[in-house]
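Coming up is one lone chain in C-alpha cells, specifically the form predicted on its own.
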C-alpha cells in the first residue's frame, strides 16, 4: 500500500508536468508563484490561529473546562448527551489536535469500545473544528459579516451531538 501511494503521487506530478507542457505553461514559475501565495496566506492567518491556540490552552489549563462540565452536565443529560464527553464537545469546535488529546484521555479512562468511547469517536468524526475553520477562512477571504454562519454551524454540531447519542444508545 505504501508503494501504491508513492506511485500515485509521482504519477500525479507527471500528469501535471505533461499537462503544463502541453499548454506551454512554465511549471517552475507557476510552482514558485503558488509557494509565494501559500506563504502570504499563512502569514495572514497566523495571528488568528495563534490566538485560538492560546485560548484553548488557557481554557484547559485554568480549570474553566472543569467548571463548565459541572455547570452543563444537567442540560446535556436532558438531551441524552454523554456528560463524560463534555470536554471533547467543548474543545472540538476550537482545535482538532486538542480534541484528539481529549479523545485519547476518554479512551484511556473508559475504553475504546465503551459507549462513551464510541460516542466520542462519532463526535470527533462528525463535527468540525468550527471556530478554527471559520477564523481561518474568514481571515483569508476578508469576510466581515458572517450573518447566520456561526449560529447555524453551532446548531448543526449540537444536532450531531444528540443524534450520535441516540445512535449509541440504540446500538446497545
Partner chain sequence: MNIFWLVAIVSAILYQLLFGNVEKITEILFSAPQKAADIFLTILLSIMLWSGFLRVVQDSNLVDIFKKLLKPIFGALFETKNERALNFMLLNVVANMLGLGNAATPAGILAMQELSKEAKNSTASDDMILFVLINTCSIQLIPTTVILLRTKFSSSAPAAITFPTLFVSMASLFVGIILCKVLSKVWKQ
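We call the rigid core the largest set of C-alpha positions that still match within 1.5 Å between the two forms. It should be emphasised that the depicted structure is a prediction, and the values quoted were computed from it without experimental measurement. Residue numbers count along the first chain shown, from 1.
From this point on, the text means the form predicted in complex with its partner chain, which you will not see here.
Shown alone here, residue 136 lies within 4.5 Å of its partner chain in the predicted complex, counting heavy atoms only. Taking the partner from elsewhere, residue 110 is found to have every heavy atom lying beyond 4.5 Å of its partner chain in the predicted complex.
Interface membership of residue 69, defined by any non-hydrogen atom within 4.5 Å of its partner chain in the predicted complex, is ruled out. Of the residues in 60 to 78, those that come within 4.5 Å of its partner chain in the predicted complex through at least one heavy atom are, in sequence order, 61, 62, 63, 64, 67. Comparing the forms between the shown form and the other one on their rigid core, the Cα displacement of residue 107 stays under 2 Å. Here residue 39 does not count as shifted, since its C-alpha moves by less than 2 Å between the shown form and the other one after the core is aligned. If you fit the rigid core between the shown form and the other one, you'll see the Cα of residue 124 move by less than 2 angstroms.
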